[in-house]
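Taking the form predicted alone, here's one chain by itself in structure tokens.
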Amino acid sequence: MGVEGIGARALRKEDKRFITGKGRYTDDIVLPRMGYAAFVRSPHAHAKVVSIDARAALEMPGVDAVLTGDQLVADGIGNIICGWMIHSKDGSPMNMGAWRALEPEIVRHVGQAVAVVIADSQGEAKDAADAVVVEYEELPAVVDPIAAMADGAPQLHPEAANNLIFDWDIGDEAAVNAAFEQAAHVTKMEVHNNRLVPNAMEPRAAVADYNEAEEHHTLYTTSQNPHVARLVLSAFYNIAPEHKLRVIAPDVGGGFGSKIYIYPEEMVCLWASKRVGRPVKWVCDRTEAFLTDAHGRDHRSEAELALDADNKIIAFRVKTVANLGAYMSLFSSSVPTYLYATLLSGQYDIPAIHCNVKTVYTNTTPVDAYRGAGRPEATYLVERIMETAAREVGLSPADFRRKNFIRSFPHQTPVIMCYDAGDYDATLDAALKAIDYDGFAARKAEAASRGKLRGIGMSCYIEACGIAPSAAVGSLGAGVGLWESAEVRVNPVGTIEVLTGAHSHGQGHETTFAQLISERFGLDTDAVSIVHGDTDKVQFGMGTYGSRSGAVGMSAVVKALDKVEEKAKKIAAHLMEAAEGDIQIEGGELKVAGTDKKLTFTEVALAAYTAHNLPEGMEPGLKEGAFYDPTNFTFPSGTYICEVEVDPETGKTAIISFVAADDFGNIINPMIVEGQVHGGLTQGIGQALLENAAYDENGQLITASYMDYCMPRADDVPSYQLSTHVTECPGNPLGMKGCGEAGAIGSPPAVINAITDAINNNDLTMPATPEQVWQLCQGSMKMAAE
């Protein structure tokens, strides 16, 4: 590939194997004597398991075993945990109900597994699973989180009265109340952030292999953080001691948060492999994915914004009910609390904020982090009420936002976060110019001449990435540290291996991490290999989520590179009889400044390993490791503006133009960043217009396939116009902020604000289906006629 350092639009190294079908995913793993798992899942949202009759299944061809929850519990396999402790405002800990990998007593959502069949082939396993007879005693179900808290509602867990998990507060309630009493104007809104189903290209899968001779487990799995998986499986689920468990996450075809967690199927495969004495493989089908992959979002909020006589924001009050589904997933408690409420200041200088969050159990699939994880929910609420307030007080939405922007940094918000750097005017100006904001009135009039409704909406988002530091999140209830590790191994011939705890599932780490090495040492990127996703190769790491791979993962690499460079310069100075301070690295060579003396990087590496002539007391070799624990979050931000055209006769919305002006700090590879933004924008538009996980009153998921759950297609999205503005992040050595989630965070409110502007009706909820938009159009026209 050549020397392609920071800022180069280098083509992705990993794409060669991906586009030629040479990727190696979990489903590609085939082991000798491997059996296949098929799960017996509940058709009911809430029911007692009365009995399980596996006799017919055990007599079917190829069937090895039928295992149940009673056996799993008897073998001491632990319950699934939530890894972030939240306390209610009265100081009491959250009410966590028991979640077993195979449920022996009471199922609480459709699709929950009660047994597993192991057979010689996938087909035989599925046929036998259908033959297992389970007798259920159906119980009343509740799917609405408000109804779930009512007296007399069906009770999911004895630990949580009225299905309330916790009742949590943040901010100064007294200050907010006092500000509202003096407000010149108050904007009130109810906001529903709809439930979503993650849909990665690669469904979840697991291959477990127990080696009886060594008493050792190996798990191949579709994971964003294999080290955390190993830690949780060993420390909490009693699968195996950590040194007797290897977790490998090979190529992973998309995650978006849904592959962070330890799911029941991985635990069961590991346990079953030891039980039956053979490797066990399970691959999720799409129906199982809809029913069992952790869902995202599902917030219902009441929001109030208080303004003074000059239209400056003086207070913000929010009450949110978050539906967490039937159980508490690994990070579910942090999403509607510290990843949501702490971002309610947005880009705005708001003196007082108070937020109350109630989380609730319902008979639905568990909810956890999904691309953005709390920040999309916060941004949607903030940017919808900002747009609404601007309209109510008669200001341009752009002018109203600009009036309330934060302009001095660092800025301490009233809800924990301290923003370190930003320039919100710059991204707003770039977006306004790109979309020709001043020319919108003429475009609206032209559309009206064709019988169409034209609208424009914006969103000025901010998010928190690289979640940190470990001491801070630990004090807030996190069960793990959020540092990252790296090891840089220079081989004797000068090639380099980088071992990172970050994990790539589509972000292009094999390219961008290599660019970092190329920048530092002037080496060809083809001389660099990136090793990740294997707990036996990389000592430890926290994985990839929350746009942390650059700001945290690459910062750990930088620290290791600093050590490698220091040692390489000492060796070079010794060999060339020069002062260490005179050694410069340039173009793959170590040179003595002001002279023609030089050594190639390969010569220095070889000298480190031959060890014939090293400085006195120096150890041979050229290999260094480092851990990096950030000092603060990073805070990407930007402005998105969407222009739409609505057909009032059909309710169909067409996105005419979408501009995104982002501040991601320093950028390693602009091409990869653009791809991340494109993907995020498309996911956000999907939420705004198309996607919704809907349940009926009995807890049946009525959008359990692509026939009913509508994913965005190419003709649903426009050609995006992207730009970036750089304010360097002062909190990490690369000045990076993160880009992976921004598009999904900022786009939904921009789309909905544009549609409500077009139809002159603010009562729109996501997804803005043609039917809903048509009905609101009729209502607006009726009001206009009256």
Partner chain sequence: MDMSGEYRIPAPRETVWEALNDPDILRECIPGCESLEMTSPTEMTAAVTSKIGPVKAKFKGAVTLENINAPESYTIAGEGKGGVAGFAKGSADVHLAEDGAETVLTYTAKAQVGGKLAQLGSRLIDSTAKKMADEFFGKFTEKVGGTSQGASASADDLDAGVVEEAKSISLDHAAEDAVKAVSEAEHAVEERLHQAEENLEAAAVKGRFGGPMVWGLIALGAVIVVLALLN
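No experiment lies behind these values; they were computed from the predicted model shown. Positions refer to the first chain, counted from 1.
One more form of this protein, predicted together with the partner chain, exists but is not displayed; see below.
Annotation: in the predicted bound form, residues 130, 700 and 708 each come within 4.5 Å of the partner chain through at least one heavy atom. With the partner omitted here, the stretch from 160-168, 687-695, 612-620, 598-606 that lies within 4.5 Å of the partner chain by heavy atoms in the predicted bound form is 687-695. Just one of 537, 312, 192, 652 comes within 4.5 Å of the partner chain in the predicted bound form, counting any heavy atom, and that one is 652. The contact residue chosen from 305, 233, 673, 110 relative to the partner chain in the predicted bound form is 110, the criterion being a non-hydrogen atom within 4.5 angstroms. Heavy atoms of residue 403 never reach within 4.5 Å of the partner chain in the predicted bound form, leaving it off the interface. Proximity of residue 566 to the partner chain in the predicted bound form falls outside the 4.5 Å heavy atom cutoff. Using a 4.5 Å cutoff between non-hydrogen atoms, residue 138 counts as a contact of the partner chain in the predicted bound form.
Residue contact with the partner chain in the predicted bound form: residue 44 places a heavy atom within 4.5 Å of it.
Residues of 270-285 placing a heavy atom within 4.5 Å of the partner chain in the predicted bound form: 285 alone.
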